[in-house]
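In the form predicted on its own, a lone chain appears below as structure tokens.
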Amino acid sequence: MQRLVSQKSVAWAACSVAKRSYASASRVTPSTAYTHPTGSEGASTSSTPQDITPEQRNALDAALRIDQAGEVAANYIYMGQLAVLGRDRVAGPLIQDMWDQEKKHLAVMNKLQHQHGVRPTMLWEVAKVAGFGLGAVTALMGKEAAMACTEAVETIIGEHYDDQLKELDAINTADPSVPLLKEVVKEFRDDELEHLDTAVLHHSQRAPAHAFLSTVVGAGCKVAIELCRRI
């Protein structure tokens, strides 16, 4: 029964990866406004809301601080994994592809942080060290464990982005930056879920002590999110 469930998960993941990859390739993404600006974006990429409550401002600041820190950690996770598995003919290019996507995410989040005047987390350097360590250690445990790490991290991040979109929906403003921000968050959420599906497709659930590893990594991600919200 467990093997059948695993086979169904892999088949579902393969279908999801194909659908998301096709969707990404067939449209201009919201983040293009930051990575390849045309000059027509106007205030959406240069302004920040002035007509929101202090509580909404705090929510916006926390969202961007967490997202930026998360992208820093993600970049260093993949850096750590690639340091160990970079020469693997299958895992190496796969990790590099996901890392390249995270590099774009971080570049966009850095621009959003500057645009909205958000203080970065004081745990920036901690995120680098912890991310690299997590990536390298799980990669040393094997390819499947590295993929299990990705699966666990992206599961939590996908849920976090969904919660964040609900918070952003509650911000009532005439400023055009918030609608664009929501679209960017949706885009990045879908990218992270594609990474999750890719990890499952490449046998993350075959990792030794998969359930325990997923629980530990997932719990660590939740703690990191709350710390970056405050610090």
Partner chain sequence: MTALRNELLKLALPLVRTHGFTREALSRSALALPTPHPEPLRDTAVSALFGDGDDARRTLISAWLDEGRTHMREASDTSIKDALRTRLRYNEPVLNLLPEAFATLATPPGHILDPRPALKHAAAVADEACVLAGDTSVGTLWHARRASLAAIYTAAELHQLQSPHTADGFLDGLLDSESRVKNTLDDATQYAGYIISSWVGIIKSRGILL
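Remember, it's a predicted structure, so these values are computed and weren't measured experimentally. Residue numbers count along the first chain shown, from 1.
Omitted from view is the form predicted in complex with its partner chain, to which the following refers.
Only one segment in the set 73 to 81, 149 to 157, 90 to 98, 109 to 117 has any non-hydrogen atom within 4.5 angstroms of its partner chain in the model of the complex, and it is 109 to 117. Taking the partner from the other structure, its partner chain in the model of the complex has a heavy atom within 4.5 Å of a heavy atom of Gln68. Its partner chain is not shown here, but in the model of the complex it comes within 4.5 Å of a heavy atom of Met122.
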